[in-house]
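Considered here are two forms of the same protein chain, supplied as structure tokens in two stand-alone entries, structure 1 and structure 2.
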Structure 1
Amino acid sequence: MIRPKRLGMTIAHRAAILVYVAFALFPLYWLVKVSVTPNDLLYSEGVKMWPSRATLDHFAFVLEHSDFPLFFRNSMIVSVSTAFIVTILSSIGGYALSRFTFRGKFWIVGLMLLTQMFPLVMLIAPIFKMLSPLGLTNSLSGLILVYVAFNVPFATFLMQSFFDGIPKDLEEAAMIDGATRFMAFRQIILPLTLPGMAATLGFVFTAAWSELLFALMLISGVDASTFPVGLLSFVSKFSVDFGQMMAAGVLALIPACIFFLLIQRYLVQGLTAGAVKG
């Protein structure tokens, strides 16, 4: 039998969840709404919840008559590479920060914190001057290099906190049984940190996916442009075509959303608690 108080709590809980979901989704809904509104109704029916005529013309135009598919491909290459490289580097680095005390650790942490503290705008001119003799401006590899460096410090802190949550006894037991530390790290600790790694992967992917400033400054040609730069081109070319721009925005959201739906289940698993018990 369910007690009334319990039932009331459950209803309040579900209602609160619904409010969050509505708040999170409404702006996205509006984005979709604008993207299917025909140009002639964009302002006259601007406030209506749904236009009296919906059209997919904006999407068709973006896919067939713009460079958007190319931007999309570039963004995909850059974001996926960045996410994987950063996750590997930050897992190793985060493990070092979590498990060892060593000379210079304080300074390493300090330097990594320092990288989070200034506006990256400050770095644009120097980075451009450094990368251009190496042929890394106007190339996707250069962009990946820069994004990896920008994301590694935070990802390392994140991974460190995930490692901190895993008891040291686990790898100490393995090392007593004759495993080297690296074996223990790879075979025991890393599998337990998979949810953490998935979270890191997700953070970095979205950060790289939406970065605009450096993509704008380091890339000048269409061939290596990522999609945020491409989106801006809808603003600067002739006049702003909001319908097309929002359509491109909706398309750009799809991979990020799919990525999120895939990784979020790793967060739910809470493998750490299970490892301590089992």
Structure 2
Amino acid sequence: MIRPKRLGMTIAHRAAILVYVAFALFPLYWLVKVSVTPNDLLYSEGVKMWPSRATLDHFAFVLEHSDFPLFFRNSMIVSVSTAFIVTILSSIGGYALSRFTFRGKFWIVGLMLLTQMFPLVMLIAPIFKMLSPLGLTNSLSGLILVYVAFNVPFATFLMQSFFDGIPKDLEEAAMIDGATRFMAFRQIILPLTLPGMAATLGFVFTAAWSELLFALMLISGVDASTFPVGLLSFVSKFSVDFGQMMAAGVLALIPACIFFLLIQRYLVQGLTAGAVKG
């Protein structure tokens, strides 16, 4: 028989979880609700949990009569490219920091930490000054380069924590059996770090997908604009088309949700395993 005190704590715990879930999901619900609300009902009906009449006209306009497909494509190119490049580089760097002791390692780690301490706003002007002579402003390549540079340090430390949790004895045993270090890394260590790589991939993809500051400052043309910048096209001088903006937001959630569904098998393992050393 469950004790009253324990039952009360269980109920309170479940209630707290439900409140948190409702708090987290309510903005997404409101996003969908506004996206299917006709313009004539957005203000006339006041605050209602669901409109009296729903429509998909906002989605049709966004897909057929706006530049959203172009923004969507640019964001996919930038986010996927950044995520894979950063994951590869951070895996190499994290493995080196975890397994090797070399001259200057302390200073390299210190400099990587230092890059995370500066406000991004302070770095906009110098970065623009560096990229402009190279012709990398107003281009997806320049944006990818900036995103990679700013995400590699944190991702490297993240991957280092996963490598630290894998015993070195596994590699040593493989090398005793005749494997080279690269073979030991590829055949033994790499499969064990797939959860960590998935966590890193997800983190970097999300960061690049939702980044606005650099995209807004470094991109001046519509052809290279990403989704966060493209949302501003629904804001005019005297009005904001909330229906179309929310419809674009709903469509932008789809690739992120699909991406996390594909890697969720490894993501949960990665988020927990990286915090505990074996």
Partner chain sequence: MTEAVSAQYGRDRRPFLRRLAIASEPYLYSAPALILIVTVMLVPLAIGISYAFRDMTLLDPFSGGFIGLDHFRAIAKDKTFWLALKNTVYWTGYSVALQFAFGLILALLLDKPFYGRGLAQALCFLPWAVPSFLSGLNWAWMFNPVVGPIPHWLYGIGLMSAPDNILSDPDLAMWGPIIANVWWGIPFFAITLLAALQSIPRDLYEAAAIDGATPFQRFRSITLPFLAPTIAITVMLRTIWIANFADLIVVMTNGGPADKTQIVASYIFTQAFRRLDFGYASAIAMVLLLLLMVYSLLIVFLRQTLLKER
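Note that the structure is predicted; figures quoted are calculated from it, not measured. FYI, numbering is relative to structure 1, first residue = 1. Here, rigid core means the biggest group of C-alpha atoms that superpose within 1.5 Å across both forms.
- Comparing the two isolated copies of the chain, the second one is the form predicted on its own.
- Annotation: Cα of Ser44 displaced by at least 2 Å between structure 1 and structure 2, core superposition.
- Residue displacement note: Ile17 has its CA displaced by at least 2 Å between structure 1 and structure 2 (rigid core superposed).
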